[in-house]
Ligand SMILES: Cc1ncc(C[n+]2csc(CCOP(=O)(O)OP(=O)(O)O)c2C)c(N)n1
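For reference, the chain that follows is the form predicted on its own, supplied as structure tokens.
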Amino acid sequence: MEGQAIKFGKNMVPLADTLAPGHSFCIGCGEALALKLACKALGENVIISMATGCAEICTSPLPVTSWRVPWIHTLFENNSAVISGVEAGSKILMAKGKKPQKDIKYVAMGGDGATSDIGLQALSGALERGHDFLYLCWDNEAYMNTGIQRSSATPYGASTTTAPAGKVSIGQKTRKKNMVEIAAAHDIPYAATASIGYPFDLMNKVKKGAETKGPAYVHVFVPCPTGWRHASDMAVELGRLAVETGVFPLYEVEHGRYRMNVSPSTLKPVEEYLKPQGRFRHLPEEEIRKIQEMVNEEYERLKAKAAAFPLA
């Protein structure tokens, strides 16, 4: 089915399904949907390296697998190093005349902990060396696979098992690490955000990142009903609300130039995004106002960058 697609509205959706039916993701998992969409955008000529995490555990429980393409399970800390080695080794084989019939895409995937915490050093090194690969971060804002522990991607005010809300704490006390800006600071050709609330934008960015010559990074927002304590049918809605409130803006950076992909004329109140989630239910009104101020500040800063360094 490689190359075949069907028309859905104004968009073409690939028929190739390299992630087979059958996995153990939680009901309503945003990451499962993001993975499915990304795999459709990537097609069949791909080699994937995946760090330990929800996606790895749920698609490869020994002795079965959901993968129909070459797929490597590796550790939190060396995911980007592994895909770097695969890409470099392939170049050596091609230099010796062993050329594949079709262009191969090299893709690393990891959760927010495997990306912004444990795997950051290997990712930074791979970006700096200029390997031709795409890195996809599945951001559900905590270590969900091992018990909802906080990561550096956990937002201010969220309650997790290692940053619990209580009488003396509001939960997470630090602000979310901005991985897209960190990746873009390596002066790579392409970096972007995506959300399951905007599926065609997500697929287009994955495809664009995979076809970019050199390193590319796409940070994908994936609500988690288990860790966020939201209803199992709300993942896509929260994926849209995060964008509409400015909590998770959709934008892309090409060689240091910015483009806002979705830019509401007026942002919805951040409370509309926070209220459906049990991880924020403890927050008093003054903390919600504080989060609103943080979102407004960061959103205006991003808009200023897009205005100062526009991407045509």
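Since the model is a prediction, treat every value here as computed from it, not as a measurement. A residue's number is simply how far along the shown sequence it sits, counting from 1.
The same protein has a further form, the form predicted together with this ligand, not shown here; the description that follows concerns it.
Counting only heavy atoms and a 4.5 Å cut-off, does this ligand in the model of the complex sit next to every one of 54, 76 and 114? Every residue of the candidate spot has a heavy atom within 4.5 Å of this ligand in the model of the complex.
Contact segment among 189 to 197, 206 to 214, 174 to 182, 105 to 113, judged by heavy atoms lying within 4.5 Å of this ligand in the model of the complex: Answer to the contact question: 105 to 113.
Using heavy atoms and a 4.5 Å limit, would one call residue 146 a contact residue for this ligand in the model of the complex? Heavy-atom contact with this ligand at 4.5 Å: present for residue 146.
Would residue 142 count as touching this ligand in the model of the complex under a 4.5 Å heavy atom rule? Yes, residue 142 lies within 4.5 Å of this ligand in the model of the complex.
Any chance residue 118 has a heavy atom within 4.5 Å of this ligand in the model of the complex? It does: once this ligand is placed as it appears in the model of the complex, residue 118 has a heavy atom within 4.5 Å of it.
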